[in-house]
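Starting off, we have a lone chain in the form predicted alone, written out as structure tokens.
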Amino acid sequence: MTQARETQPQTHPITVEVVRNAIVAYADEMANALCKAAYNMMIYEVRDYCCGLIDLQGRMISQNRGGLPIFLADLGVAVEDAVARWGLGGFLPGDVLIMNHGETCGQHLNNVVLSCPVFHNGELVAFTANRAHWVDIGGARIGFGSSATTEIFAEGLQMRSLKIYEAGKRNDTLWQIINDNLRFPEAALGDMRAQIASCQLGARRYGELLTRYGRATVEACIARVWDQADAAVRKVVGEIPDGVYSAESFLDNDGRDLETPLKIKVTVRVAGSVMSIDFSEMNPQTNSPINSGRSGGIAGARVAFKALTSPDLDVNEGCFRALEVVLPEGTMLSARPGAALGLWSIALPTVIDTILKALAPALPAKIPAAHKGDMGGCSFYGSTPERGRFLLMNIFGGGWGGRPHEDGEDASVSVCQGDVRNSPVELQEIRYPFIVESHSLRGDSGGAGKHRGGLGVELTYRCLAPCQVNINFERTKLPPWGLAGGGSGGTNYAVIRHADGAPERKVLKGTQIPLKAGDSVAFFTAGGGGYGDPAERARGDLARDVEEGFISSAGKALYTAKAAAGKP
């Protein structure tokens, strides 16, 4: 993007609208291409990816709708690093870069970024980029949920702004390194090809826009779109009473030291049209993979800020100009280089809930109770003669917090996961040696309140072959909290039932737990906290809850007891 605003041409409002919608349509088209061509279900079913157009300074021109919130406007760090390494004169048409470096991206290494330089009339004008979750990146970790690692070097291959294609020619050495160090190279390299096709499509579309209007006009329109987003966001922030707002919560533990909770402390400062989110009192980084790097930690602040200020606006750089993030080095959200990052996203749902909790006194009509608060999912892995090596990964929904004016949503993924979805039961059963015996709402899991917390789910897998499973729930000891007198939601846990008649056991966290054919694992996900005094819940709503099985007779008694206690 050009820096000198005074040299930019005047922008016609109609042209601005054409450009506004075009750049988002290009990002959406990139996402569709990636989704349709990908090899693994985490991409083509779950939609664990993001796509966008990035300017030469690493600023977000546009991002696809429906991507993961924790990927909000963070593709730019990969582009910034590539420019720092190669220089703006170091790119050629046909170049493709690959990046997952932990220190730079701040995320687990499975989240791999592919990017392509965009040329127009022989001049470098922008980059296209996407990030997608590869099912494996080598190292000691398999699937979700492993707490086994204590440093990044055990977690897989790191690739920092490397050219997998240079001027259209594939780097066969790098390609072979990737192929030989991953457990599922066919899936990974297939996903890479899908990501490259997505980037090349976006580059072609953006080039067509520049040909139509000229670079100067398009960039002036983009600057105008950013300014409009910024103005809309600042208007919302300006309506929040100035002040300093703090809140504290805790994670259960780091997955390795199971007895020590981890503090989440945030301070939100509102001054005029600017909001500052301060993580200075966050728990120090841990000797486990629950850390994130700085770029990953900033994602939590951006998700909360975007949800509060511009939930309906398309994502671009202007959405975040009014946000300042204070994040000193060495916290759980800004771990120093070398720290393990494999569970980087585990803390973020609770971080976001805590930011919202801090602002509840200032925005009582907007802030909900806490939601399920984890990035729940399962990983079963093993090998059979018929199927060879397999890895089943899926994500779980849970309850969202009751809101000031209505109940929380049931069976929804975390605030960090946005529009992602779980994998269809039928597809899991076709591809993997498992039977899904139940997938239902979990009664009595929503916190009591005038507006009930959303319900979690119960999901049971029965193994048809020996395997191992990772289980790593959060909010297992400290439940999703209620607000304004609402009760807490139910906590997360799993139950392993053995086919040989051995006693069943409750599991909260565990890595590489062995299972035999016939064993089953039932996952019970958390419900959201309730909002408001349960005694004030409408009788009709309470009766419908009982009729639908959302709450039991015992659960109903809690409401009626509260109501009786409130009578004179």
Partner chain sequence: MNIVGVDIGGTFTDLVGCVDGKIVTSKTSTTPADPTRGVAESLTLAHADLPALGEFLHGSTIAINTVLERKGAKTALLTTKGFRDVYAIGRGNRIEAFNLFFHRPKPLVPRHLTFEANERLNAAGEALIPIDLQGVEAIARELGSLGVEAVAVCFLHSYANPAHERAAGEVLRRANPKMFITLSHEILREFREYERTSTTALNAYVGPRVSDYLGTLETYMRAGKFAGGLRMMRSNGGVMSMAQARVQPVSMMESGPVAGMIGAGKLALHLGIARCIGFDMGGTTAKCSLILNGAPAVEEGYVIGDPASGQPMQLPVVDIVEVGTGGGSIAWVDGAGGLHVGPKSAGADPGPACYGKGSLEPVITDADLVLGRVNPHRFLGGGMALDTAAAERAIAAKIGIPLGLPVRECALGIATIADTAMSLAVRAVSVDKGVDPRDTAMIAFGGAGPLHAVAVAREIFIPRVIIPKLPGTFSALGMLMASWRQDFVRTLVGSLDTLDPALAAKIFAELAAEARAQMARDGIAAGGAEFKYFADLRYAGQEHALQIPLRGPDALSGGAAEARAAFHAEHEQRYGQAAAEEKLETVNLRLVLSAARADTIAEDWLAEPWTAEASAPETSRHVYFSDAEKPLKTRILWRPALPAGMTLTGPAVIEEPNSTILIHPGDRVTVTDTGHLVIDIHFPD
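Residue numbers count along the first chain shown, from 1. Quantities reported herein were computed from a predicted structural model and do not represent experimental measurements.
One more form of this protein should be noted, the form predicted in complex with the partner chain, which is absent from this view; the next part is about it.
In short, of 157-165, 103-111, 207-215, 330-338 it is 207-215 that has heavy atoms within 4.5 Å of the partner chain in the predicted complex.
Screening Leu483, Leu356, Val469, Leu262 for any heavy atom within 4.5 Å of the partner chain in the predicted complex leaves a single hit, Leu356.
Checked against the partner chain in the predicted complex, the candidates Pro93, Pro361, Pro424, Pro241 yield a single residue with a heavy atom inside 4.5 Å, and that residue is Pro424. Proximity of Leu53 to the partner chain in the predicted complex falls outside the 4.5 Å heavy atom cutoff. Contact annotation for Thr128: none of its heavy atoms lies within 4.5 Å of the partner chain in the predicted complex.
Although the partner is absent here, Glu151 lies well away from the partner chain in the predicted complex, with no heavy atom inside 4.5 Å.
A residue is said to contact a partner when one of its heavy atoms sits within 4.5 Å of a partner heavy atom; Phe473 fails this definition for the partner chain in the predicted complex, lying far away.
Highlighted residues Asn40, Lys366 and Leu441: every one comes within 4.5 Å of the partner chain in the predicted complex, counting any heavy atom. Taking the partner chain as it sits in the predicted complex, the stretch 16-33 comes within 4.5 angstroms of it through a non-hydrogen atom at Glu17, Val18, Arg20, Asn21, Ala22, Ala25, Tyr26, Glu29, Asn32, Ala33.
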